[in-house]
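Next comes just one chain, in structure tokens: the form predicted alone.
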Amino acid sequence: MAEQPEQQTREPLRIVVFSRRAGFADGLGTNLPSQQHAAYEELASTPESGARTGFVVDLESLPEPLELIRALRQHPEWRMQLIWTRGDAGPESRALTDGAFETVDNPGERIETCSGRLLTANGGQPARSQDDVLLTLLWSHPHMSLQPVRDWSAPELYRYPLLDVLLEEDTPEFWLRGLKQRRLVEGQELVDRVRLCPGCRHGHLSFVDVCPECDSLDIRTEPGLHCFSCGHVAPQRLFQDNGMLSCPNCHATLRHIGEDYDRPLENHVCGGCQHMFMEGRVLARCMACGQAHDPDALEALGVYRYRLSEAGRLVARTGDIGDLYGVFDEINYVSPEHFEFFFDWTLKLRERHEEIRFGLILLHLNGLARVIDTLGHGRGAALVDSFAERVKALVRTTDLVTRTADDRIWLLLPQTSADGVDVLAGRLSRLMEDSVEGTALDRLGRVYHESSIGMSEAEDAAAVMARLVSRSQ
């Protein structure tokens, strides 16, 4: 492994061009050695290394340039190299490449800088996971970012082509959510905002008007009448009797509009229950799972162009696994100082009000190191993300969460009986086991808990938490 960087530094800089136009490489005007190929298969058959190489794709002469670009980004030897385009690039081509070649002042310098960063990325070690590959790519290509592309067939109506081509496991949506939760990427520009079904998180929704009384789709616009004698409101056709207008309810003859009757604002009629109304109720029906929701219940999702965060750049440079436990900071998180303050306040409140009941739970994720060693960084990070999502589903909005160490997550449960604390602790313990099901591991960690009934009046928050920590040793 030690000889590989040395060998890479001795390789000359070069440009590899894909074009079916004769002499296209010579017309680029660079002083770098160049090769021209008419198809991806020609390059794939050559044994030369892809280090210190820049690619130029002639979009106008190739039959399927996007497929060629995807193949380059997926190939382990060439996916980290600079890829430029010539011609009119579409959204997906721009998302996978480093821009137009004609905008580059010094291609050789750009290739040199990129290859230098690749030598030192990840602490000089090979990539261990798809996270490492993506972070290294974005760090060594400062002009690249995670760009969304509108796609009607995507579950969330947008997708990220760079995630698609580098994906090894899970789904792109889950991968991106994990990157955001660990704060490895940050939103650079808001591109769009979409609404998703809260049941299945799909964005394919049909908005329909239904009857506000019976939710029937069979509604139509129809003029109505309002009888002044009895106040009856109904469609006009029901008032017509032998060429005259009479109320079907009180049988009063309606002769003069404004004196005997008028036209109400309600001009919509339900074909099912005959209810008249001004405006129908709007429902959003998911075309994927079939559920219907009020528009206010839909999940709003901001679609961003993402770039590496400071934490992401640090991971890309040093190979540090990053703050995998940061996903728990999204669950009703408060700082350890505030957590201890609220815990102390709750203890004092119990002294004056005997009906106050609460609980404390410690999640000690001491098995994560073994998870990373056994499954690898990528699958280990995904496992922690999944576990955090399932914990979030169990935690109430009034519960508080904090971390006093990377692998120690605390939950304060106000107004919870001793039985309620036991039940939640049991569920979390089973979740520790279920999370590693199908692997060689037995559990992700241990759960320790205590109810306020077992806490002495002389103890403060620090003492109770220290007692649980000592049990976890």
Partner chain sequence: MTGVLEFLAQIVEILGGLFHETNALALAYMFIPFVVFLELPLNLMIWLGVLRYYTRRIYAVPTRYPYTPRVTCIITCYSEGGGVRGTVRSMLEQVYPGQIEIIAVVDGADQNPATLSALRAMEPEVERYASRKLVVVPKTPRGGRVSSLNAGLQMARGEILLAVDADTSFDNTMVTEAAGHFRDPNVIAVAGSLRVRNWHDNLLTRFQALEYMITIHLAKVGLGEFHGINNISGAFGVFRTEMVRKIGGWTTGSAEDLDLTLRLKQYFGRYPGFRIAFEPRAMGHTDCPATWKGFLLQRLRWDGDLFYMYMRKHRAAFSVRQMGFWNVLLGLWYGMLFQMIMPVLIVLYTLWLVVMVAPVVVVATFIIIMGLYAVLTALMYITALVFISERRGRDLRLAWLIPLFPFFAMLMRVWSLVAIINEWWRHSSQESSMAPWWVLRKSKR
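From a predicted model like this one, the values you see are computed outputs, not experimental measurements. Positions refer to the first chain, counted from 1.
If you look for the form predicted together with the partner chain, you will not find it shown, but the lines that follow are about it.
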Closest heavy atom of residue 256 to the partner chain in the model of the complex, within 4.5 Å or not? yes
In the model of the complex, residue 288 touching the partner chain (heavy atom, 4.5 Å): no
Even though the partner chain is not shown here, does residue 245 get within 4.5 Å of it in the model of the complex, heavy atoms only? yes
Evaluate residue 260 for contact with the partner chain in the model of the complex, applying a 4.5 angstroms cut-off between non-hydrogen atoms, and reply yes or no. yes
The partner chain in the model of the complex: contacting segment from 193 to 201, 237 to 245, 110 to 118, 269 to 277, heavy atom within 4.5 Å: 237 to 245
